[in-house]
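Shown here is one chain on its own, the form predicted alone, set out as structure tokens.
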Amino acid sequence: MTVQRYALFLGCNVPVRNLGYELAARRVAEALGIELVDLPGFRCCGYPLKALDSYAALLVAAHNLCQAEAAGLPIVTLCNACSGTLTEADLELKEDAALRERVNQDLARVDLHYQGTTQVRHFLRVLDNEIGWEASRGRISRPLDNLHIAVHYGCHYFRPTRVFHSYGAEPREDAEAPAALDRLVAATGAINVSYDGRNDCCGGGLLGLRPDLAQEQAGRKVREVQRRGADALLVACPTCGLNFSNSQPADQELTILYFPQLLGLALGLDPDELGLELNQIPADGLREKLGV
């Protein structure tokens, strides 16, 4: 089996507040023959700077792209914002020669030079487009056919749509009807729960300004998913996962799962290897239902 190698870009949130997500991604990658390489030169993706100084954000993103280029590896991310920021920066630099020259003049101060030889992929896109759910389905040893799963993509997974389509990262996705997580749920044998407002924002973009509104938005979605009878809400973004976890009804908590955790369970991996005990919302009910 040919091993695919990627530089793992963890970003800021995942290694500090989403350890279960990181553990599951590493374990699932290993199970599927994907090697995730840690590069010590990676920094913040630059996203927090974009609203204040777009050029500074671009320069930070370019610094990260250069690290992957030096290693000769494509980048795989676990965070929607990291994925979008690095993808947009790479596309912008590849398309704009004058901007690329300016960025390289600044990068030269730290002995770096952007060449445009790497690619950026969200881990979900790697599994969906490059590994394929059919290949994953053939390795499933624990069908999850008694689980009811609702999915949430998060805004930055497929927006700006023009960027992802131009970059070639979304050859078959419609921003208003994404389906990668749905294909994953189907591959695991779980029952996909439809609910109103599926593509609504989790509210995470409001956390720094109006945390009360952010929690209200996330809480509304959690309650709707619960009303539809879901055992868990499946997410592909660390910020979304945290916001949903922190916006739970007082009387009944909803399990929030990161997508590699669901896939790992279906692959027969030990729940402890998938970091379920590190999630903010206990997955005891889900484990009991699966008998693991």
Partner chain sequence: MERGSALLTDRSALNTIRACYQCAKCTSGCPVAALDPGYNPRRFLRLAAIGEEEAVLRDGKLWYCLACFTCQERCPEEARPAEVLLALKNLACERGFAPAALLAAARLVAADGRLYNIDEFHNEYREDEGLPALDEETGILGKLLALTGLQGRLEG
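Numbering follows the first chain given and starts at 1. For clarity, every value in this text was computed on a predicted model and none was experimentally measured.
If you look for the form predicted together with its partner chain, you will not find it shown, but the lines that follow are about it.
Participant: Picking from 210-218, 79-87, 186-194, 123-131, which part of the chain touches its partner chain in the model of the complex when contact means heavy atoms within 4.5 Å?
Facilitator: Of the options given, it is 210-218.
Participant: In the model of the complex, does residue 48 come within 4.5 Å of its partner chain, counting heavy atoms only?
Facilitator: Taking the distances in the model of the complex, the answer for residue 48 is yes, it comes within 4.5 Å of its partner chain.
Participant: Wondering, does residue 30 line up within 4.5 Å of its partner chain in the model of the complex on heavy atoms?
Facilitator: Result no; residue 30 lies far from its partner chain in the model of the complex.
Participant: Though only this chain appears here, would residue 53 touch its partner chain in the model of the complex if you measure heavy atom gaps against 4.5 Å?
Facilitator: Heavy-atom contact with its partner chain at 4.5 Å: present for residue 53.
Participant: I'd like to know if residue 146 sits close to its partner chain in the model of the complex, meaning any non-hydrogen atom pair within 4.5 angstroms.
Facilitator: No - in the model of the complex, heavy atoms of residue 146 and its partner chain never come within 4.5 Å of each other.
Participant: Go through 174-195 residue by residue and record those having a heavy atom within 4.5 Å of its partner chain in the model of the complex; state none if no residue qualifies.
Facilitator: 175, 176, in sequence order.
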